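Next up is one chain by itself, shown in structure tokens, the form predicted on its own.
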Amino acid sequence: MCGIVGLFLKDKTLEPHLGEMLAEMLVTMTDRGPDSAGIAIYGKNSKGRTKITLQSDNPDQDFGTLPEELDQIFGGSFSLKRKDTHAVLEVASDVVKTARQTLQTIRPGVRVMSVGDTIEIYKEVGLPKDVAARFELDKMQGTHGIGHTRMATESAVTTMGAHPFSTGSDQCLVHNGSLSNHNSLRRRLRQDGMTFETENDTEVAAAYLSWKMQHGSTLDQALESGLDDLDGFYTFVVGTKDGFGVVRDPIACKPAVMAETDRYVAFGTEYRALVNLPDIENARVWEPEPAHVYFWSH
């Protein structure tokens, strides 16, 4: 019983308020997931630069001199913006792979939350209101974002077990439900080169979509294929650089509601997550159909 929220902005004047709106939606879902929470925000990007969102249990030690050390190794310009236990490291896009390999060597305790031109992921153990406050979610700006409150059923309550999961550039996924074939699918994906950080079934779903897209599928096609290949009951909300998608399993036993106006598209596990959005009383509100892929992009 987890809580999912998502917000895709059509109206650019709302972009400075994205974090504020998402924070309120996320906190509303606390009773559906009080053990941990996380959000993915899609914001501005700098040409030729890529963001690597990092997490550390010892941020003072791990983040203090990291940009300078990387500058010495690569002879380039690295910048770091810290938020509590997380930090966003900006690197030249052509050195992302080698920078990640170097991080494993010089900062073995640091975990990569996401990589991409626009995505930043922040997630931690704790009540959603505390997680939102730690990362100052209400001050974040962007074009779209998704969030998750977790009540653990498949794996331990840890930072890495919290959602969203990101397994591809500017991609992430949050999930309410349970997959029954995640162990066999994880083995299959590992054989094809995919790597995993946890035993969480949601990470398998995220990796499956990334794997399909690496083999030429669009996100829509990957989600359609998932309806055949992913066994269980689930609602997925997926974030990409350009937008977000929603799909429910063919039985659709997990609750979900959507609202759309000419200014935004919103998703909530329950309608109460949407009630304070602007002009919600005039929105088109509906329950997503089972086994139907919805997607909005800029």
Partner chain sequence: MQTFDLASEGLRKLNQTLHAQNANTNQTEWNIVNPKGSHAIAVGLDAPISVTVNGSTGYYCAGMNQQADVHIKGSAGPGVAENMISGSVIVDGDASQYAGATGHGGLLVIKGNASSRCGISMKGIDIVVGGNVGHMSAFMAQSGNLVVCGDAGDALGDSLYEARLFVRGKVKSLGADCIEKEMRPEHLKILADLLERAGIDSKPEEFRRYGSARQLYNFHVDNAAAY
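Here the structure is a predicted model, which means the values were calculated and not measured. Positions refer to the first chain, counted from 1.
Omitted from view is the form predicted in complex with its partner chain, to which the following refers.
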- prompt: Does its partner chain come within 4.5 Å of a heavy atom in each of 63, 76 and 88 in the predicted complex?
  reply: no
- request: Could you confirm whether residue 290 comes within 4.5 Å of its partner chain in the predicted complex, counting heavy atoms only?
  value: yes
query: Using 4.5 Å between non-hydrogen atoms, is residue 255 touching its partner chain in the predicted complex?
result: yes
message: Please determine whether residue 32 contacts its partner chain in the predicted complex, using a 4.5 Å cut-off between heavy atoms.
response: yes
message: Check residue 263 for me: does it contact its partner chain in the predicted complex (non-hydrogen atoms, 4.5 angstroms)?
response: no
task: Choose one stretch from 265 to 273, 49 to 57, 66 to 74, 36 to 44: the one whose residues place a heavy atom within 4.5 angstroms of its partner chain in the predicted complex.
output: 265 to 273
- prompt: Going by heavy atoms, what in 221 to 251 lies within 4.5 angstroms of its partner chain in the predicted complex?
  reply: 250, 251
